[in-house]
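First, one chain by itself: the form predicted on its own, in structure tokens.
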């Protein structure tokens, strides 16, 4: 169609656009959370669950629905009447006397026909003895109420090799529960933090500065004047300010107020909201743009210096980022993001500003590519994602499951800082220890004695919180309640998805759940 040629309104408004495929329609809402990269990670994942209890199947429900690739339930347990009464993924009385895992897999599979599920009726102990490599063939291992010696052996097996899958250990009884994610290192590029990337108002790149200085504010059309983006206003006023203040931005309260007054003086109408917005965002003018401290700290990690790591790709990118921040142009900053916040502006002004940022971001991304190790074989899309999210990358260092309970110094610190979380966690540890190899339920006195043995002499747990926790566990030491299972299922699956997709920041420590008083907390976070 030639420029200026008219179009029939009916043709334009009824034009057929490409329809999304079935998978996009099915997973539309979650794709908005973790995009195609996260969905691909889910669909290629293999999950091993060491139980088919009500809690375990609730966890799997929340992983099957978003579309993991494969799951295996490893459990030799025969279904009892209790199981049939509290597990929604069993066929009621018809499942009694049959292998629980084999009964649960078909019903879980009905939730999503794109997920493959299998049952393995061997015992975890036998597999650990005869085929320990089996566990390393999965992306993630999840256990529920596994006896302490077996969990200890499994955690040590997976900890010996940094390339082994993460392990999530879940424990629950009555209305109390906790879970822990074991990993050596977890690198996150897309943390989805609420911290916005810098707009570099105090260090404007040449095209942004040139655009801001080219505007003749006094002679502009009154409508255009009321639609200048606040970013441009701040850059312009800051440059004018620096000329009369030895090249420095506002340094103290009086100068900052004077800077805001200068912004107000530029208004030509009382209702120019873009200038009100510039005044509200004025702090950006005297906030120095640099490398955020939590990102700068990552440059000193041993792995960044070339040590072997589970994720060499991430550390190759991190090393290139460190070299980028040492450059004089751009001036000791992270790569520019092309993402702009919403602001008061007309379409043409906003699009022009966005174009300036995108062009500069592309230029800096090219600089970043040049700094990468020439021998590194990294997908271009991964590099672009890393550069885009450089302000929010995270590295979590974990510790082996159970080490916290043996660290007297960490226990003493936790009891002071997180008394109720500590009380519930150690009560659950005591229950796990006492029920391993024993069929008789432990008494409250036995639980208290075991807690005191774990924490050691000289450490006093809060009496009320500990008494309440022990009372609940003594009341229902083997209870797997459907409502608790449902809550834990959502909570653990959420953290599992973070681990699998490497997006968002997972819990690093023991997450304690108390549904008597309805609270959750975290204790035992690695130093």
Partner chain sequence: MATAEVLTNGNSTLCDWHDRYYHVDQILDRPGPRTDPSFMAGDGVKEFLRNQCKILVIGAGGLGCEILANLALSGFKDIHVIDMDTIDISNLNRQFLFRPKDVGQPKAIVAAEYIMKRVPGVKVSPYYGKIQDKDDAYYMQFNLVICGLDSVEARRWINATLVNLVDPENPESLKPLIDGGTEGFKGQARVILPTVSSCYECSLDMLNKPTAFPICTIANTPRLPEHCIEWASVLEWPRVQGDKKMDTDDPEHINWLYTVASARAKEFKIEGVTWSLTQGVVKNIIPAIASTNAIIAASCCNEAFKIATSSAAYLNNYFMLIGTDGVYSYTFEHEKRDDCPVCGGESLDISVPRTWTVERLIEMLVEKQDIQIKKPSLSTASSQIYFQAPPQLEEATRPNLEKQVFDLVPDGGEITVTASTLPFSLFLRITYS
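Positions refer to the first chain, counted from 1. All of these numbers come straight from a predicted model, not from anything done at the bench.
This protein has a second form, the form predicted in complex with its partner chain, left out of what is shown; the following refers to that one.
* Although its partner chain is absent from this view, report whether residue 363 comes within 4.5 Å of it in the predicted bound form, heavy atoms only. => So residue 363 does not count as contacting its partner chain.
* To do: May I ask you to check whether residue 346 falls inside a 4.5 Å heavy atom distance of its partner chain in the predicted bound form?
  => Within the cut-off, so yes.
* Asked: Does residue 509 reach its partner chain in the predicted bound form, with heavy atoms at most 4.5 Å apart?
  -> Residue 509: no, not in contact with its partner chain in the predicted bound form.
* Looking in the predicted bound form, any heavy atom of residue 497 within 4.5 Å of its partner chain? -> Answer yes; at least one heavy atom of residue 497 falls within 4.5 Å of its partner chain in the predicted bound form.
* in the predicted bound form, do 40, 302 and 376 all reach within 4.5 Å of its partner chain through at least one heavy atom apiece? -> Verified in the predicted bound form; spot residues all out of contact, no.
* Asked: Just one of 266, 111, 296, 209 has a heavy atom within 4.5 Å of its partner chain in the predicted bound form. Which one?
  -> Contact residue from the list: 111.
* Heavy atom within 4.5 Å of its partner chain in the predicted bound form: which of 134, 369, 283, 88 fits that? Just give me the one. => Partner contact (heavy atom, 4.5 Å) among the options: 88.
* Counting only heavy atoms and a 4.5 Å cutoff, which of 236 to 244, 74 to 82, 407 to 415, 445 to 453 contacts its partner chain in the predicted bound form? -> In the other structure, the partner sits against 74 to 82.
* Asked: Judged by heavy atom distances of 4.5 Å or less, which residues of 478 to 500 approach its partner chain in the predicted bound form?
  -> Counting only heavy atoms within 4.5 Å of its partner chain in the predicted bound form, the contacting residues of 478 to 500 are 478, 479, 480, 481, 482, 483, 486, 487, 490, 491, 493, 494, 495, 497, 498.
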